[in-house]
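First comes one chain, alone, set out as structure tokens in the form predicted on its own.
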Amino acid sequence: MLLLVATFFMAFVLLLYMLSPLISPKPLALPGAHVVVTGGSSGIGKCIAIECYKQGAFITLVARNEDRLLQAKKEIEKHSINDKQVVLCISVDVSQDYSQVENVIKQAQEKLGPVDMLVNCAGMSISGKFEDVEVSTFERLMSINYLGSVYPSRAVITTMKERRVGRIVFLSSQAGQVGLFGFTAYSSSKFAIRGLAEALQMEVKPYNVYVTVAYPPDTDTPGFAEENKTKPLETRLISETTSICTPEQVAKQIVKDAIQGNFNSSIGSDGYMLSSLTCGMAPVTSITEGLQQVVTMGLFRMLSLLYLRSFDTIIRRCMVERTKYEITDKTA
């Protein structure tokens, strides 16, 4: 009986594997494609632009700082594979005025053609205990991290649907998969990205437009260095439980997943675990991906409880140490 069940299961898995390409989107060809990268003057955004440029794409970089944009342009152009490629730079704050963002996208499309892929990398992180974070910080992060992705996406989506081709990439974070100490403002803005992406994918999939949400871990970027200056002790200790990735490593994986039309893009074993554990009602690109999530959820749930327990231990240890210092100070 067990042998019959095992045989049936193996045949079922094999059938799913054979059928999975039938529901997977056709990969996007980057040679000659127009890729727009917001927040593309540094960090992961710049590395994504370089990776796409290496594969023959035309690039539009969008960021606020003109000097950094021009520096990034020179760096990206070193990786050209033909003399027809172009890197266009446009300075604008993508989180403030939708009409400005819309005009910028129109300018880019007039010069380099319709946008084939939009990568929303503009964002920032500010950490701190909930009661210590100013209300204006919550508003600022939601504006930059969330609306800064809504506005460019809104500006390209109509043309993508009309052409029935396109990719939209949203940069969330592992802090957008699980809420962490010190990230009440940051995590909420990154969780919002996922909700936007899931709803948008449902709308645009019939038009052959695919959405990818990237959940990078701590990455060695200028933004991460700035974030570390104000991190609470607990947040920093939790962060140190995982390794820091290079922006080049993260960029390669995001571009690969976006080309394939994968909804989730994760980095490393921790990223894979988090994506599987928090998959919920998220879209899947293939039947096999869905099957993997079903099979592995039980094991990953156990691992996640161990992770959360370790985080609790770190926080409690910090509380004990602070209490000791407070008692010592009062005694002195």
Partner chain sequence: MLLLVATFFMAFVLLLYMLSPLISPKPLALPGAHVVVTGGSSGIGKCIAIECYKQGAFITLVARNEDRLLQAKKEIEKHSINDKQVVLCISVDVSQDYSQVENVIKQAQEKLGPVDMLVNCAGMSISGKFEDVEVSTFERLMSINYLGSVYPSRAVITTMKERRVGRIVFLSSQAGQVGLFGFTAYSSSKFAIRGLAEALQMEVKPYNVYVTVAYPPDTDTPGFAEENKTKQGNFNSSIGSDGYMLSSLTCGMAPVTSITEGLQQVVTMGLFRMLSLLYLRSFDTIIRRCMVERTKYEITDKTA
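Positions refer to the first chain, counted from 1. Computed from a predicted model, the values in this text were never measured in an experiment.
We do not show the form predicted in complex with the partner chain, though everything after this point is about it.
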### Task
Please name which of the stretches 108-116, 248-256, 69-77, 184-192 has residues with heavy atoms lying within 4.5 Å of the partner chain in the predicted bound form.
184-192
### Query
Should the three residues K129, V284 and R316 be counted as contacting the partner chain in the predicted bound form, with contact defined as a heavy atom within 4.5 Å for each?
yes
## Note on the structure
The one residue among D218, D93, E203, E226 placing a heavy atom within 4.5 Å of the partner chain in the predicted bound form is E203
#### Entry: the partner chain contact at Q55 in the predicted bound form, heavy atom, 4.5 Å
no
### Query
According to a 4.5 angstroms non-hydrogen atom cut-off, is L274 in contact with the partner chain in the predicted bound form?
yes
### Partner proximity in the predicted bound form: R164 to the partner chain, non-hydrogen atom cutoff 4.5 Å
yes
### Query
With the partner left out of view, is M124 within 4.5 angstroms of the partner chain in the predicted bound form by any non-hydrogen atom?
no
### Summary
Restricting to 138-154, the residues within 4.5 Å of the partner chain in the predicted bound form through any heavy atom are F138, E139, M142, Y146, L147, V150, Y151, S153, R154
